[in-house]
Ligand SMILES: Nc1nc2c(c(=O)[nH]1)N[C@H]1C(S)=C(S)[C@@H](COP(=O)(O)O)O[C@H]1N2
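Next up: just one chain, as structure tokens, the form predicted alone.
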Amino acid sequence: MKLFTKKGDLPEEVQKRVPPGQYLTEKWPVLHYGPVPSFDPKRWDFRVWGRVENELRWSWEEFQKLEQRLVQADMHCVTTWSRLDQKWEGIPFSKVLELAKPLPDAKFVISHCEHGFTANVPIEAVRDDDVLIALRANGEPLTPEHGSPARLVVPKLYAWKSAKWLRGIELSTDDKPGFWERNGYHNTGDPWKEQRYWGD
């Protein structure tokens, strides 16, 4: 397959899996803003806080011992590439919610990442079985440029919502648009509705 293949050049059964305006690729392009952060497993931790009954904190060693799951899902980037059958392994987001016990007024999940980056999604978006905090991709540990050691994976939304270099999750009553949302990207990011930018 070429680096990018137009949707119309694909078999019909594959076309059904590629949202409007997208090209298919077998590569995994690297896209991010700013430098790739370094990872020190002795200093790294992961927190869950906000509108929850139980605030949580794990060291890297503890985090790796949580229940993990394999998910195969398609990935769609706002820059118009799609990659099918991406394999992710990591901690089911449902497990995080089960342990944290969100309060009834927790309506939004805010991802907090290295360098102060954030991304926002409604809590309903992370309740699906295919949503993970991924530690591995395609059988290998995440590489630094793809978000090592942990990234959120929300397959049904554009890939910028699957925030790289994840360090914590805040449960909030209020929506808090993140870095890309404040810089013109759509607040929801549904690829099937082509919600790329504000106004789409």
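Computed from a predicted model, the values in this text were never measured in an experiment. Just count from 1 along the sequence shown to find any residue number.
What comes next is about the form predicted together with this ligand, which does not appear here.
Engineer: Ok, Phe39, Trp60, Trp49, Trp28: which has a heavy atom sitting within 4.5 Å of this ligand in the predicted complex?
Structural biologist: Selected option: Trp28.
Engineer: Only one of Glu145, Glu55, Asp174, Asp45 has a non-hydrogen atom within 4.5 angstroms of this ligand in the predicted complex; which is it?
Structural biologist: Looking at Glu145, Glu55, Asp174, Asp45 one by one, just Glu145 meets the 4.5 Å heavy-atom criterion.
Engineer: Considering only heavy atoms, tell me if Phe117 and this ligand come within 4.5 Å of each other in the predicted complex.
Structural biologist: Output for Phe117 is yes: heavy atoms within 4.5 Å of this ligand.
Engineer: Even though the partner isn't displayed, in the predicted complex is Trp81 close enough to this ligand, meaning a heavy atom within 4.5 Å?
Structural biologist: Output for Trp81 is yes: heavy atoms within 4.5 Å of this ligand.
Engineer: So in the predicted complex, does Cys113 come within 4.5 Å of this ligand, heavy atom to heavy atom?
Structural biologist: The answer is yes: Cys113 has a heavy atom within 4.5 Å of this ligand.
Engineer: Does the 4.5 Å heavy atom contact test between Ala159 and this ligand in the predicted complex come out positive?
Structural biologist: Contact with this ligand, yes.
Engineer: Within 4.5 Å of this ligand in the predicted complex, counting any non-hydrogen atom, which residues from 32 to 50 show up?
Structural biologist: His32, Tyr33, in sequence order.
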